[in-house]
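Only one chain is given next, in structure tokens, and it is the form predicted on its own.
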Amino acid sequence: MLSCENVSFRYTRSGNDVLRGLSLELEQGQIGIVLGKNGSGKTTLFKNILGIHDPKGGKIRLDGKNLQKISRRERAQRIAYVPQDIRFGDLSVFDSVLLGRISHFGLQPSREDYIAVEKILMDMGLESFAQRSVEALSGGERQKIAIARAMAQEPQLMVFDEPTGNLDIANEQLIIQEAKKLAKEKNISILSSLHDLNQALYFGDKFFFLKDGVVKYAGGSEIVNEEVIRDVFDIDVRIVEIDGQKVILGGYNK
């Protein structure tokens, strides 16, 4: 389980807190969606979880371990990051995924590392791409490679920063399906930010609405209502239910 307890963070000594005693919990195998306006603290939260920044107060734990007290290598083994803007360089798909094993091997990958990559490519239906250059692939395919590379770390938690932000509709659905499959079949927790509220409802198990540096609302889809969205985003929407799925209509400033 991922647990953030009263996490505070500011970028400068004299600056204001960006995170102000933020708390959240995400169970193993759950997909959590972080929602909020730009500047609400989403990216800062991710950077604290990933170890890019250290909290000024509070604790972040994964499976009971305080992440501030483990090595960067161990953190890299436990937490994988899939950014929105993916840079691979001129590498083959196989070598790009193998990079995800760096935290597991020393100077050279072992036979076990190669076997692990082969299995991931097979599980994700990417074995036919193994020797192709990542740069020759489509945006959706590159995003799948990024997920495969993250999987090679054998993480407990995957952090997605707007995973569908640069993709067309077909590839958005592809990536969401892949992520949901990984969470359920591999029992990996996923924490993701998204702008599209309907996409969030389809993707997520649990929702964290950030406002002014804290999680103001948290829970399952039952907490996603017109009043919460109005409070967090300053927009008016209408929510209807179609075939048992909430659908958010509108989205205009009050």
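Note that residue numbering follows the sequence shown and begins at 1. These numbers come from a predicted model, not from an experiment.
The same protein also exists as the form predicted together with a small molecule; that form is not shown, yet it is the one meant from here on.
*Asks:* Which one, 39, 29, 57, 51, lies within 4.5 Å of the small molecule in the predicted bound form by heavy atoms?
*Replies:* Of the listed residues, the single hit is 39.
*Asks:* Could you work out which of 66, 221, 198, 43 is the residue within 4.5 angstroms of the small molecule in the predicted bound form, going by heavy atoms?
*Replies:* Contact check passes for 43.
*Asks:* At the 4.5 Å heavy atom threshold, is residue 18 in contact with the small molecule in the predicted bound form?
*Replies:* Residue-level check for residue 18: yes, a contact with the small molecule.
*Asks:* Where, among 198-206, 211-219, 30-38, 184-192, do residues come within 4.5 Å of the small molecule in the predicted bound form by heavy atom distance?
*Replies:* Selected range: 30-38.
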